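Quick setup: one chain, the form predicted on its own, written in structure tokens, and binding and motion questions come after.
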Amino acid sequence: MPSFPTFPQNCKSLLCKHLTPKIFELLKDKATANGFTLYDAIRSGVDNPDSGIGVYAGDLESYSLFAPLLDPIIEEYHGFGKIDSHKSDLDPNHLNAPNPDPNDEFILSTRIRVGRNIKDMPLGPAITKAQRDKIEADISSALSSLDGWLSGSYYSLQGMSEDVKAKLIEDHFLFKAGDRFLESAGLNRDWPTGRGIFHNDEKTFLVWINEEDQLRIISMQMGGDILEVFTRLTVAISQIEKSVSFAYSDHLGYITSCPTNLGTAMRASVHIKLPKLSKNMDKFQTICDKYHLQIRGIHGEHSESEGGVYDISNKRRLGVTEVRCVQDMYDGVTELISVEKGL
């Protein structure tokens, strides 16, 4: 194990803040059953001192074995204590969300996704090539058996033809190797083998296999029918669960390699046009803060808005249910539209 890392003075990551020499000494010689060490967990944050978080888990055991480091990071990021428990609720009947924009004046599109990882398998940073290939084979087989409006096609990234690649890029479905943060975490190993994309014929349901999480399950469509998008997602999840079991704990909810995604592992978002309100960013931000929402540009984190269009999504993931995440987003978007109309 290398010695205690030296971080630059201006390092603001939660790793820099919470990794003390005492915790380092306590954990440096430990490894999970999958051989995942403290250094594996912190490598991304050490290589990239401009990280926001700086740590990744290699398996479920990482969250208990390296708890002296991970618990304070999770508590600071999520406001969720080590004795708290997480509750899941994927029942669309519990969501109150009639379309807030029936005339499609403001909401361009709606997208809700969750991350999932396979029970009793290492997470991406610790997985072997053989295990990743097995996940691709098992999940693509399960997806290919879906029927009705979920039925579609699977495209493996390895050996993908240029025609298929061009079509998936045009539809904004293709994912690339991860950034330098994921690279350092070991999530890009053996690229592109073991990775692929499934989408239904209507292009409203999409699954990424072995991107950052082993599954990214996505429901989307044009317009603002948030309830319909959530319902499709929950039906798809329950169908997939007939073939595979997901990694879950009563404490942390659905298990993910990045601690920021724990709990629901959900991002519920809309692309929304707010040209007037966006001229008053303080007011815009105040409304979003009230409903625990984050504002992004239309190309995701750190991107700019174009034509007054923003990506608005839930900020909370752990210690709240999926229904609560989507309800927050819905309630906030409804108020944003109301204020925009009044300006």
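When you see a residue number, it is the position in the sequence shown, counting from 1. Here the structure is a predicted model, which is why all the values come from computation and not from measurement.
Keep in mind that the form predicted together with ligand DAR is not shown, yet the notes after this line are about it.
Only one of 258, 227, 121, 135 comes within 4.5 Å of ligand DAR in the predicted complex through a heavy atom, and that residue is 258.
Checking 155, 181, 106, 246 for any heavy atom within 4.5 Å of ligand DAR in the predicted complex turns up a single hit: 181. Residue contact with ligand DAR in the predicted complex: residue 274 places no heavy atom within 4.5 Å of it. Ligand DAR in the predicted complex is approached by residue 53, whose closest heavy atom lies within 4.5 angstroms of it. Residue 101 falls outside the set of residues with a heavy atom inside 4.5 Å of ligand DAR in the predicted complex. Stretch 259-267 is the contacting one of 158-166, 189-197, 92-100, 259-267, since its residues have non-hydrogen atoms within 4.5 Å of ligand DAR in the predicted complex. Along 88-122, a non-hydrogen atom within 4.5 Å of ligand DAR in the predicted complex is carried by no residue at all.
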